[in-house]
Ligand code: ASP
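One chain comes next, on its own, written out as structure tokens in the form predicted alone.
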């Protein structure tokens, strides 16, 4: 069994829908049991969210325009790819119903002047609930028996709106009950990505990019042979090709390598996608919808190929927070209180580094969280600051984390030396660094002005031509 997930650009227009139909047809020639998971059409989720936010701010025009634009966007595909008049009319009624519901929701938001996380989940999930029935109809028009399924029927989540956590036991039970009969009948279930529902049926979403996660969950529940993530790039590359023009597609990665790359800024996969695949040992393939015969990346438990470093990636728009002072030496609880304060404002810590002398702790957070983090730390550590046990809480702006990732780094001497030699030869200053005990990732902090040069230099050190 194969689970195929198609991202927003893969269902972005008429030509893309037609290409997806051909990919599904080819997949069924290899394996008759195929499940499709689809995102909203490209740009639709952003349009829905913007319209709802504008309504909360007291503006009616954006959601009225959004309804017209979205109707045209979907009807254009339906008009060109659904030849059967009855089928086309049925989809027309469905999308009209969806968009009327959207307009009613936005009217309520406008009247109340408030957009709750629960309300935003209802609005933002409408894109998938318009694209899935459209794709199912397009597939039927190509002779592929297909039936669309709302993931709200099968993916059961908690009530953390905006980033709900799937409850796997009820999800798998519902998935088996709903999708297995369709597969046994020879049909292709076309499931909405990104969305789910609580046990009580309240709509939720899995967070932006969550359609990947949806596919992995369904793959695990159905014990699929492979989950395929179809996007607009040829797999995962050794670096961002916009920074490193000679970056190459990686044929194979391990789960842990892919998870590290997803966490540290590689945008091809949603960071949570790997988790269900690890539990079920299901391979994940990342491939290009618009180049289906081109190279792709297979993500597996144990890679068969070698290589110490697999890829270099970067996270931009960060701030390095430094808590420093000689009075911290030997004082228990400073680190615990520091990160308790950070957690209290809901900030995400991406990297931590502490000097062996215990005179400083530094960690990276998103720029947007910086004012709240600094204020929380100054409040929590006010007594230590007043007594000069801690000298200051310092924020260094415009920094970038560069992550050097590869499971083959484990136990391989000289990797860090090559990284720092490459940066030293280019005169690039490393502000901070961290390496986990797993040795799969070396994280470096550099100035944003040096970031692209640093990525290129490290890439050349491991993937460039050998020195003369």
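Positions refer to the first chain, counted from 1. Because the structure is predicted, anything quoted here is derived from the model rather than measured.
Below: the form predicted together with the ligand, not depicted.
- Only one of the listed residues (208, 285, 118, 98) places a non-hydrogen atom within 4.5 angstroms of the ligand in the model of the complex, and that residue is 208.
- Only one of 34, 55, 402, 40 lies close to the ligand in the model of the complex, with a heavy atom inside 4.5 Å, and it is 40.
- Only one segment in the set 209 to 217, 83 to 91, 148 to 156, 277 to 285 has residues whose heavy atoms sit within 4.5 Å of the ligand in the model of the complex; it is 209 to 217.
- The ligand in the model of the complex comes within 4.5 Å of no heavy atom belonging to residue 441.
- The ligand is not shown here, and in the model of the complex it never comes within 4.5 Å of any heavy atom of residue 260.
- Residue 194 is the sole member of 184 to 198 found to place a heavy atom within 4.5 Å of the ligand in the model of the complex.
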